[in-house]
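In structure tokens, one chain follows: the form predicted on its own.
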């Protein structure tokens, strides 16, 4: 059976828990698992820029004994020289899993629907499940079980936040979403006004930040989006700074998936502080994605 990793809400808490549990085992003893994907091959298809996703998948697969090839969509004529279905069928003769990072979530979902080869969502305009699952891994490492913890997001509504909302509903933690009212209306529309149990949109800073265990943000201008001075002005008061961090719990951590626009969405004083886990986040992408790869190609069980 061909399996895919497209969105977190496609999985049960048990399935994602098993992936996280196996990621912990890999991190504790990388050498033990150095050949578990021997003779397996991963294809990487980037239609958007990438640093952490590119390197972590590449190094992660190699450290499991697998092979990696980076593909150029223009050079292979992805979806142009022949149908996307035929391209995927051809690739399935050479590689075992294909990670795609693109601008169209619909195309990504369609690639999985063809069911020719395992597809991983390396980021789309809708979601970023690999990032957020590794963030859950990082929070759990630092604070223990994430259930009933409180995470507060400040800033824009984007693909990372969509996956974080999915995670909150699955892992049963409280997510306060502190964003401008104008963006809030757009966000609710994108979510089809779906009733959320654990995620709460708000614009009251004190209320949203009180009792927060983790403060998260991301760049205000997403990849491919034109820089808007009016948007930057609207988001200015949502910057994560020392004042914001003091409103959360004393031991609260800070997270950002990177790249960061320093002193825009987050100040140097916060991102470089001992509360910041941004580099642990980046490192943990390797172990969680290794576990995802093993889940798709072999399976993982507690």
Ligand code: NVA
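Keep in mind that this is a model prediction, so the values were computed, not measured. Positions refer to the first chain, counted from 1.
There is another form of the same protein, the form predicted in complex with norvaline; it is not shown, and what comes next is about it.
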Response to the item:
Heavy atom within 4.5 Å of norvaline in the predicted bound form, from candidates 36, 234, 69, 258, belongs to 258
Item to complete: Tell me, out of 143, 170, 223, 184, which residue has a non-hydrogen atom within 4.5 angstroms of norvaline in the predicted bound form.
Response: 223
Item to complete: Choose from 172-180, 70-78, 86-94, 156-164 the stretch whose residues reach within 4.5 Å of norvaline in the predicted bound form, heavy atoms counted.
Response: 156-164
Discussion item. I'd like to know whether residue 133 contacts norvaline in the predicted bound form, with contact meaning heavy atoms within 4.5 angstroms.
Written reply: no
Item to complete: Please check if residue 123 has a heavy atom lying within 4.5 Å of any heavy atom of norvaline in the predicted bound form.
Response: yes
Worksheet item: Would residue 219 show up as a contact with norvaline in the predicted bound form if we use heavy atoms at 4.5 Å?
Response: yes
Item to complete: Can you tell me which bits of 129-144 touch norvaline in the predicted bound form, meaning any heavy atom within 4.5 Å?
Response: none
